[in-house]
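Just one chain is shown here, as structure tokens, and it is the form predicted alone.
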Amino acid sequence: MYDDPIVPLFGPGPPGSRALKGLYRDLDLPDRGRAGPWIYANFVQTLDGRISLVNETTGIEGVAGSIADPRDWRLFQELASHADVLLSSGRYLRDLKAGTAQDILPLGGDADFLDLHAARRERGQRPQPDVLVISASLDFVVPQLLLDQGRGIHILTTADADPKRVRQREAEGATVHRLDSGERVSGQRIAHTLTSLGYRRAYCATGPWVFHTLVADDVLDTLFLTTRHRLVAGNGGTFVAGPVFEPPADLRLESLYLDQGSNVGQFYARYQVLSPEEE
């Protein structure tokens, strides 16, 4: 599955093709960003910008088979292998309970990913990243499996969160942090909480609204983006959703690879989010 090579098109490193496996696993990634921890995100999209599709029968939105790809999923796992904590959302946990989410939050236990568990051991990391859930409604259930894996579960919510749901999530084993007033938790408070909890690398494994918050509040450092060479149309989401950025968020391309090992080709790009003084 991972034997077909990928071709570097831009960025550092030797010319010529290389193996897909290990592309992100072996990167010397930062452990600090401009807002404290290094916060990075990853999405897979089609050429028409879809990261998900609405099922016309059920009305449920999710990552469709026409978008997902095993080779990209391998790289998703490689990026997760560096993380101290995964950023997730209440919606993801609701999808997980409904059986429409992709995974129980990596790292996966399949044989294909055993090298990633070994890499974490070599770096002195815990077997699995902790999880930090960002939610105003707290309308979800903490998965018992995450607790069984020995993972710390933190929930960031607003000061106005329903006290009953706060107690429910705490009874399920999570630590709840009640932060900003209003409808959302700010990106700056997310970064501050990550720092206070001692996390150095935070992997955003959530959706377009939390991603928008991180970008709008200038705490996101890096975006990894897979673009499949495919058009799917239909009703679906893009990887950022929310009000117009004022000013726009500018990014600098750091590396770009071409993968033609799938039935459909795709690009793997890494972008650095520029701070205002760099723009």
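None of these values were measured; they are calculated from a predicted model. So that there is no doubt, residue numbering starts at 1 and follows the sequence shown.
What comes next is about the form predicted in complex with a small molecule, which is not displayed.
Interface residue among R167, H192, R94, R200, judged by heavy atoms within 4.5 Å of the small molecule in the predicted bound form: R94. Between the small molecule and the residues L75, A83, V131, I134, the one pair within 4.5 Å by heavy atoms in the predicted bound form involves I134. Not displayed here, the small molecule is kept clear of D221 by more than 4.5 Å at the level of heavy atoms in the predicted bound form. Contact annotation for R184: at least one heavy atom lies within 4.5 Å of the small molecule in the predicted bound form. The small molecule is not drawn, but in the predicted bound form it has a heavy atom within 4.5 Å of G62. Looking at V210, you'd find a heavy atom of it within 4.5 angstroms of the small molecule in the predicted bound form. Proximity to the small molecule in the predicted bound form, taken as heavy atoms within 4.5 Å, picks out 135-143 from the listed stretches 112-120, 192-200, 167-175, 135-143.
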